[in-house]
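Quick setup: one chain, the form predicted alone, written in structure tokens, and binding and motion questions come after.
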Amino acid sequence: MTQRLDVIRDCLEGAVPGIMATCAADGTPNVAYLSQTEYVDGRHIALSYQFFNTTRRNILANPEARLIVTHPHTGERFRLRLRYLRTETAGPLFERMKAKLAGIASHTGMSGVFRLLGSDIYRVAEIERIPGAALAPPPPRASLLAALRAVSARIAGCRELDLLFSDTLDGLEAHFDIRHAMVLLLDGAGTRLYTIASRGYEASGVGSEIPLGQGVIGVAAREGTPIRIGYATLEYAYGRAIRAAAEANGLAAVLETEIPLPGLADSASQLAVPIRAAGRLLGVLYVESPHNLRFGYDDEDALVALAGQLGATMLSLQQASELQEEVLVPEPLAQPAAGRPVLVRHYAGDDSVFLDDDYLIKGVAGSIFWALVRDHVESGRSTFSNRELRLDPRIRLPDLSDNLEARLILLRRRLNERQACVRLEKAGRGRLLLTASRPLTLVEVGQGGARPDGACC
């Protein structure tokens, strides 16, 4: 092999279709264009299997093949000698190629036509450069290693979970020139992701949720593998169009407790990277751009490394926070607030909470908020400890893996964004201070109770 496979990974991005030559058992040659090639490791690639065509019949009869790939910027061409090994029809590699194929299909107007049936794995026996003129490569946007080092230093300096998320997103913009990004965390039940921080969107979307397996983000989380798309997908735009149509047709009440997921309306390039630590999934780091092919293999490598450090630091800060929690000392009761009372409604069915008719939050964060305001109203308490919240049976934290600190960050941000009359502030290690600028009137609504119409945040 005269060329290293990892050096020519850009040729596998799909900007220029590959040309594949196979041979039937009787020696009849066949040449066909390929929709997608995928780098697997230093000695293997995967090719998309979409149709049972001549190429498919040939490689099943004769596993030897030749593939010509072209560099999207320099025009250099390389010839690969391949041997077919197997086909995968499920799992991380298949899902990664399926998502990427959807982007390619949309870009070429072939949505609904391209359907991935399998990922054909080939061993690369030899790579040779085809003689010919080549263009000069474009200058790099930035040194990814230098950017990774700079953001890693920021992460290493974080001492609080809240700052960790903010500094990571700030670092992505300052050093990677990534202007649209978000961090989502896995809930305790392990079925949904919720947005804890974002950058570059009109609305932060903090508190918005997405199920595992849905969209680029959900599939990346479910499969535990990065998902990268270089072109806009119709499926991505479709979900946004459905929401816009529902709102335009007066169905806002249906969506009232669904905070919209932030995102670019004209997103073209998307990259979702699982955040993992200690062998388990913690969340997803997601970045996007309005430009086609904005993120390549090197960007993916850099963000995978960054997500690993982000996950390890999240666990470390969470454990440190629990160990350093202070024992709560009773404090003087808060003075009653003045002004018009605010109606706080809690719906037991999904723990959703409304302040007057304004939706605030639901789920575990809603349960926490309801417990806090109940104690505040009924006993005049203003100071609370993380330890007591973790043990409070009213909150029903799913299990010990649920990150209470992250839920509190989410709740504080939602209150601040809504400019609510209730605020939560940190008051020492593992302690919270609740303040209310207006009197609170609490209403508990049982299972199935109707929510106020048209209340959408």
Partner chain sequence: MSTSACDRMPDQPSSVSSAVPESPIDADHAAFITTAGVSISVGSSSADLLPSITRGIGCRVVPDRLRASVFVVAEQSRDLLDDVRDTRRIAVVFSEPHSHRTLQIKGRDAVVEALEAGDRDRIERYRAAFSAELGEIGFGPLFTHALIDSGGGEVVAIAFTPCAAFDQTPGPRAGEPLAHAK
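Numbering follows the first chain given and starts at 1. Remember, it's a predicted structure, so these values are computed and weren't measured experimentally.
One more form of this protein should be noted, the form predicted together with the partner chain, which is absent from this view; the next part is about it.
- When contacts are defined as a non-hydrogen atom within 4.5 Å, none of Ser208, Pro211 and Gly296 contacts the partner chain in the predicted bound form.
- Checking Glu388, Glu64, Glu405, Glu417 against the partner chain in the predicted bound form, a heavy atom within 4.5 Å turns up for just one residue: Glu64.
- The partner is absent here; in the predicted bound form, the one residue of Arg123, Arg381, Arg192, Arg77 having a heavy atom within 4.5 Å of the partner chain is Arg77.
- Only one listed stretch (407-415, 37-45, 426-434, 23-31) carries heavy atoms within 4.5 Å of the partner chain in the predicted bound form, and that stretch is 23-31.
- When the partner chain is considered in the predicted bound form, Pro72 lines it closely, a heavy atom lying within 4.5 Å.
- The partner chain in the predicted bound form is approached by Ala133, whose closest heavy atom lies within 4.5 angstroms of it.
- Arg81 belongs to the set of residues with a heavy atom inside 4.5 Å of the partner chain in the predicted bound form.
- Looking at Ile68, you'd find a heavy atom of it within 4.5 angstroms of the partner chain in the predicted bound form.
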